[in-house]
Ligand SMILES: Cc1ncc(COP(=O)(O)O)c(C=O)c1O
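Only one chain is included here, represented as structure tokens and corresponding to the form predicted on its own.
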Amino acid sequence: MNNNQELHIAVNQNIMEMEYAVRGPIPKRAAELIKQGMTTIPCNIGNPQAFGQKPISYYRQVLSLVEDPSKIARERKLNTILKHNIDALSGLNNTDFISDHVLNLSESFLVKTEIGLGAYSESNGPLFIREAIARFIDKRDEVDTSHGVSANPDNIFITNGASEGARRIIDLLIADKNDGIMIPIPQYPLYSATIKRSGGVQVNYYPDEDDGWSLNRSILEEALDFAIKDGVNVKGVVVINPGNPTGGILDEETIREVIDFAKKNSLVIIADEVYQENVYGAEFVSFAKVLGDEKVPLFSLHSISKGFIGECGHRGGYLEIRNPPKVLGNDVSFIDVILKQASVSLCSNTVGQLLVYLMVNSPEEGSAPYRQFVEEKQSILNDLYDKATMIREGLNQMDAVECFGRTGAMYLFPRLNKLPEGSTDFDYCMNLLEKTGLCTVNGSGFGQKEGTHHLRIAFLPSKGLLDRVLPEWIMFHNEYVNK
């Protein structure tokens, strides 16, 4: 070969064909516009702190102390001075210092880890954190000695965000090119991309948009029958609750139908429940709670990125497994196979592990940080709902736009019933970006029923920013669809 000739190499075609719309062409164009000096509003992704959402004080106080344990002794000395000689710290009060509760919790965490945050942990995460997660699940699902099935810490894996847990399960389930996973359409493109990367088959099912993104047994059966006739070996069904991108919230009856469907057809369930706090007055019901003692394999996902926490960059989450299936043709347990997967990466990042621990260990009621924690949590969730309401009201002023269902998760997914001839929702979103700086994601990036057009917008910008951009969007829309 000529030494000056460039090397050409074959790469995994499945990866080449993956698509991930929330980081796709429209956000890339937004990055170009920023370089040109334009201000953009990145509503393409659920990234709360990028819009100025303040971290929860309790979480960051503990994190700072565990990362730098020398600060614990210093804070204790300051607290002692404050208690015995308040004049020495004139102008300061109790709220300017870290409480004994936070100091004690931080010390306790360090004692339990034994190795701090800078060393590898067990591949599935420290046992005491997995035990805390199990207690959190049991409390959430109202499990007691006479009711419900307790979570098993040995079947819990701490992961780098919920996405890593989803990828691990799908990677294991796709053993052949004809193996398929059912996913809701529209869906979070993590699932379509992971199925593509694993070389499997994406099997679409379509919740009823006009009925508020409702789901029933016949919708699932229709999708499964179609796949089987097409030669697909369907192995699992993904459910996102609350929905991303739709915000739809499933009730207990619907969850029961999904479980019965999976049981009848020998499928596993992957329950993406990362938005379980984002229900804004509605009730979240977990798949684990409804499952009870039914012997259907269930993989449940949760994350520190969403809810009111918004710690996206710290990458923490967990995967809980119930009724793990048997491995065909092998005596090894499914849990051991997942553990082998985890061990390849040695462990999830330990800062994420700590934040997962805090997510499932809120301050005790009556403790010094409790009131501040509750106020910050409620303020964030109330603010999110107010901003969703503002956008919905703006959508009502746009020609031929409808937005169905309750408000859940962090997104709205309005349907664009009118576009210029030959135009798509991708064209609409790209033009919206160019004209207003508002970066959204076209509905086709999530999948949608043929012949429909949508966009997804994260309702994260500040109210002041929405007050400015919504009139611009309304004007753009009504001019664009009527030109």
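Just so you know, these numbers come straight off a predicted model, no measurement behind them. All residue numbers refer to positions in the sequence shown, first residue = 1.
Absent from the display: the form predicted together with the named molecule. The rest refers to it.
Participant: Consider R315 of the chain shown here, and say whether it contacts the named molecule in the predicted complex, taking contact as heavy atoms within 4.5 Å.
Facilitator: Contact with the named molecule, yes.
Participant: Do I158 and the named molecule come within 4.5 Å of each other in the predicted complex, heavy atoms counted?
Facilitator: Result no; I158 lies far from the named molecule in the predicted complex.
Participant: With a 4.5 Å heavy atom cut-off, would you call Y275 a contact of the named molecule in the predicted complex?
Facilitator: Because a heavy atom of Y275 falls inside 4.5 Å of the named molecule in the predicted complex, the answer is yes.
Participant: Within 4.5 Å, heavy atoms only: does R130 come near the named molecule in the predicted complex?
Facilitator: Flag for R130 set to no.
Participant: Looking at Y188, F287, Y357, F299 here, can you tell me which has any non-hydrogen atom within 4.5 angstroms of the named molecule in the predicted complex?
Facilitator: It is Y188.
Participant: So which of N124, T246, Q353, S305 reaches within 4.5 angstroms of the named molecule in the predicted complex, heavy atom to heavy atom?
Facilitator: Selected residue: S305.
Participant: Looking at 336 to 344, 238 to 246, 386 to 394, 287 to 295, which stretch has residues with any non-hydrogen atom within 4.5 Å of the named molecule in the predicted complex?
Facilitator: In the other structure, the partner sits against 238 to 246.
Participant: Using the arrangement in the predicted complex, list in sequence order the residues of 387 to 415 with any heavy atom within 4.5 angstroms of the named molecule.
Facilitator: Sequence-ordered list has one entry, Y411.
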